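Only one chain is given next, in structure tokens, and it is the form predicted on its own.
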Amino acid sequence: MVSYFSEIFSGLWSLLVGLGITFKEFFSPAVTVEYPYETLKMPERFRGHIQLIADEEGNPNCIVCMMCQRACPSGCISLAGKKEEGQKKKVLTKYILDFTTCSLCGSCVESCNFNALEFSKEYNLASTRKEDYIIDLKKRLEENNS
């Protein structure tokens, strides 16, 4: 009989504690961001998709060494370059990222010794089409610099 009343008291006590927390939080200010109208500033450590880094002239720093493509465990990076007449190094002609298979591991950024890749702070990538996630990073860099 004593255990019956102790269980009832224990249940009522936990109910009152829960209601007390609810009552206290009801009057505290909301921390929710009204998303379409307000956006959060992404922290420095946020990992979005990768993006190319441009030099002073607006050209990508990439020298087409293929280290990022070899380091990628997902195989989501494909790039191409050509050596132009009279140039000492290759020039990037294509840099495609298939974001549908990217695992955001960062191996490509770590393996790049020429400061050509970084993580973007872009996080709103909602779409229903797969084609929207196959990103031409060279074209995107040219659009951002113009």
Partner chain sequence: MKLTLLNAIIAVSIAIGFAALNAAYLVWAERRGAGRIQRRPGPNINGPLGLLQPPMDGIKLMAKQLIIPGGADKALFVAAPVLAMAPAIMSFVTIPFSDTIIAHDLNIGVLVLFAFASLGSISLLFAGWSSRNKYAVMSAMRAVSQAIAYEIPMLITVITVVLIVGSMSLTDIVLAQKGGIWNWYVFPFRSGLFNPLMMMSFLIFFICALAETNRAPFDLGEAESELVAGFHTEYGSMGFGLFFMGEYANIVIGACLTTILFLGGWDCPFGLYPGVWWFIIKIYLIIATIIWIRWTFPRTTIYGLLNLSWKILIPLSLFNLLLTAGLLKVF
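No experiment lies behind these values; they were computed from the predicted model shown. Rigid core (definition): largest C-alpha set, two forms, superposition within 1.5 Å. Positions refer to the first chain, counted from 1.
A second form of this protein, the form predicted in complex with the partner chain, is not displayed here; the remarks below concern that form.
Novice: Does at least one non-hydrogen atom of residue 22 fall within 4.5 angstroms of the partner chain in the predicted bound form?
Specialist: Yes - in the predicted bound form, heavy atoms of residue 22 and the partner chain come within 4.5 Å of each other.
Novice: Can any non-hydrogen atom of residue 34 be found within 4.5 angstroms of the partner chain in the predicted bound form?
Specialist: Looking in the predicted bound form, residue contacts with the partner chain include residue 34, since a heavy atom lies within 4.5 Å.
Novice: Answer for residue 29 alone: is it within 4.5 Å of the partner chain in the predicted bound form, judged on heavy atom distances?
Specialist: Flag for residue 29 set to yes.
Novice: Verify the contact flag for residue 125: yes if a non-hydrogen atom of it lies within 4.5 Å of a non-hydrogen atom of the partner chain in the predicted bound form, no if not.
Specialist: Residue 125: no contact with the partner chain in the predicted bound form.
Novice: Just to confirm the contact call: exactly one of 90 to 98, 34 to 42, 115 to 123, 66 to 74 touches the partner chain in the predicted bound form at a 4.5 Å heavy atom cutoff, so which is it?
Specialist: Residues of 34 to 42 come within 4.5 Å of the partner.
Novice: From first to last in sequence, which residues of 1 to 18 have any non-hydrogen atom within 4.5 angstroms of the partner chain in the predicted bound form?
Specialist: Residues within 4.5 Å: 4, 5, 8, 12, 15, 18.
Novice: Superposing on the rigid core, is the CA of residue 17 displaced by 2 Å or more between the shown form and the other one?
Specialist: Moves: yes, 2 Å or greater.
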